[in-house]
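Presented below, as structure tokens, is a lone chain in the form predicted alone.
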């Protein structure tokens, strides 16, 4: 018998800007239902969200434009409910229902 928490999800909004939307089907805003726990049974956090986005939402094969060595690529600003994720614990921040996570590329030109 499956545990109820195995199928529990967290409704969140994920936004992409600064060109990152091209990696995600050219859509800036995505309303998703994130699994409430990771594969180890721990509460979903931003690190888990990043992996989930790459595996399930990213349409472009160039994941290296979003992640580097399993972490958000330098030059991408992450906001959690309009606050810099550094104030929220970065990748360790536990996702809450109705959170808004914004990823903004700050890299321009060439």
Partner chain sequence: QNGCSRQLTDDEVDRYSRQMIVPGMGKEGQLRLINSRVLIIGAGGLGCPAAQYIAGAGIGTVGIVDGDVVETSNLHRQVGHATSRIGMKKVESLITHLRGLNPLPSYIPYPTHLTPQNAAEIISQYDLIMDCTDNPATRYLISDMCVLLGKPLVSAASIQKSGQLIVLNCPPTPQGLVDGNYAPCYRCCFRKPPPPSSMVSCGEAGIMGPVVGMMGVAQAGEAIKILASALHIPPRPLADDDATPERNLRQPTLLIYTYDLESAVGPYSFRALRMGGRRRNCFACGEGSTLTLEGVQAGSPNYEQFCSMPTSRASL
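Positions refer to the first chain, counted from 1. Fair warning: this is a prediction, and the values are worked out from it, not measured in the lab.
One more form of this protein should be noted, the form predicted in complex with the partner chain, which is absent from this view; the next part is about it.
Proximity to the partner chain in the predicted complex, taken as a non-hydrogen atom within 4.5 angstroms, holds for one residue of 55, 28, 42, 71, which is 28. The partner chain is not drawn, but in the predicted complex it has a heavy atom within 4.5 Å of residue 81. Under a 4.5 angstroms non-hydrogen atom cutoff, the partner chain in the predicted complex has residue 106 among its neighbouring residues.
Not displayed here, the partner chain is approached by residue 87 to within 4.5 Å at the level of heavy atoms in the predicted complex. In the predicted complex, residue 22 approaches the partner chain with a heavy atom inside 4.5 Å. Contact annotation for 45 to 80: residues with any non-hydrogen atom within 4.5 angstroms of the partner chain in the predicted complex are 62, 64, 65, 73, 74, 75, 77, 79, listed in sequence order.
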